[in-house]
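Next comes just one chain, in structure tokens: the form predicted on its own.
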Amino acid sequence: MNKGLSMKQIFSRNWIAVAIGNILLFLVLAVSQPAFLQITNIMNILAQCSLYGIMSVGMTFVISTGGIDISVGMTAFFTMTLMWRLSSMLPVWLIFLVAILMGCVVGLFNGVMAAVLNFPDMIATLASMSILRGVGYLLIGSAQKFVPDELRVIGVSRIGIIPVPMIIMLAIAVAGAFLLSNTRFGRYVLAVGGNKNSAIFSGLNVVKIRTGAYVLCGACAAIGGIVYAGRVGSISPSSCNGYEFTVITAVVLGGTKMSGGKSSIVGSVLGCIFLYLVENAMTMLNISSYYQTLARALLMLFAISIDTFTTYRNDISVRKERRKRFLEF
């Protein structure tokens, strides 16, 4: 086997940059804060960023089709408020099932608006975000509500020292990576994102594929809401505000192209871990939460700038190659 080729393949993977960033940031935190290396602290960090990781898997599918979903934070919030409202009416397992199904319904609603009615994805999901926020407020009112202990079982449980939310995140990430890389649906998702017109001419049902991606995203957001409610133990009107931008940033940092056609589930999850480590580092340094918000915004701009520059550079390379072939002809 050609070792040089193998190394080239490794470093050409679109998640390698964020993986290196995680390693460097981990080393900095380990040196500056010796307590950071405690296994319980590492497990807690992974459990706390599991919400972002779960949501990022669904978001990766949507962005891979060339779309975007800015309603995922409010989908998680709506899921939590619905769980709280149903807590005295239904058994726990049925509440979780209803929550996930409602996440799918939200995703279907987004998919119909974006793929069937051809609303701009941003506008469609912005409308959905506002609707979900309003319904969530109606379900819990203006005061903070505490989640019943039976609904917290997923968020606080552990298998040995491993938090259940971390296991759920890894399971969903593995399933998402397999679905994207080894199934017909995954190949079609990337084909639609790569070139929508070519996908249509090839006979692909673009509407069904895009809608399916939104449904998957809604389901992941709902599962994220279940995890969040379990870990935090309370719901307030400000819960999950701005989570969609953190998730989008993580997905783009992980190597998924905003224009679609190229993605990495592994990179998306690593991007979530990187953002949480940055937040954790700033908290350890007693940096104000306002600066943390600014840092997240700057990281989002950086990720999108890199994505835009890479796309532009690739377009230039394609044009040069076509010009060269034309001149040779």
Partner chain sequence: MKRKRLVSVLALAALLVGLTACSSAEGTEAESDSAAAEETAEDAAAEDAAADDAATEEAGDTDKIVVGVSTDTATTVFRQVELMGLYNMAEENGDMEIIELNADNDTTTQATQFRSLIDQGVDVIVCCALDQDAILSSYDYAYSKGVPIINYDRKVEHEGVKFTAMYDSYSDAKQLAEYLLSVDDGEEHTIFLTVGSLADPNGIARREGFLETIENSGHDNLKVTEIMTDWDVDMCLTNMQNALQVETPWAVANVSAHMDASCYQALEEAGLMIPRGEEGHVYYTSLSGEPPAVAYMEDGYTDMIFVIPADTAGEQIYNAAKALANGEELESDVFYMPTFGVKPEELEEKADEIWTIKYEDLLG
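Residue numbers count along the first chain shown, from 1. Just so we're clear, the structure is a prediction, and the values are computed from it rather than from any experiment. In this text, rigid core is short for the largest set of C-alphas that superpose within 1.5 Å between two forms.
The form predicted together with the partner chain exists for this protein as well; it is not shown, and the discussion that follows is about that form.
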| query | finding |
| --- | --- |
| The partner chain: the contacting residue among Q144, S181, S259, S87 in the predicted complex [heavy atom, 4.5 Å] | Q144 |
| Partner-proximal stretch of 59-67, 277-285, 260-268, 22-30 relative to the partner chain in the predicted complex, 4.5 angstroms, heavy atom | 277-285 |
| Heavy atom distance at most 4.5 Å to the partner chain in the predicted complex, all of Q48, V116 and V156 | yes |
| F185 within 4.5 Å of the partner chain in the predicted complex, heavy atoms | no |
| Non-hydrogen atom contact V232 with the partner chain in the predicted complex at 4.5 angstroms | yes |
| Residue contact check: P237 to the partner chain in the predicted complex, 4.5 Å heavy atom | yes |
| Touches the partner chain in the predicted complex: R152 (any heavy atom, 4.5 Å) | yes |
| Did K262 shift 2 Å or more between the shown form and the other one, C-alpha, core superposed | no |
| Post core alignment: M43 C-alpha displaced by 2 Å or more between the shown form and the other one | no |
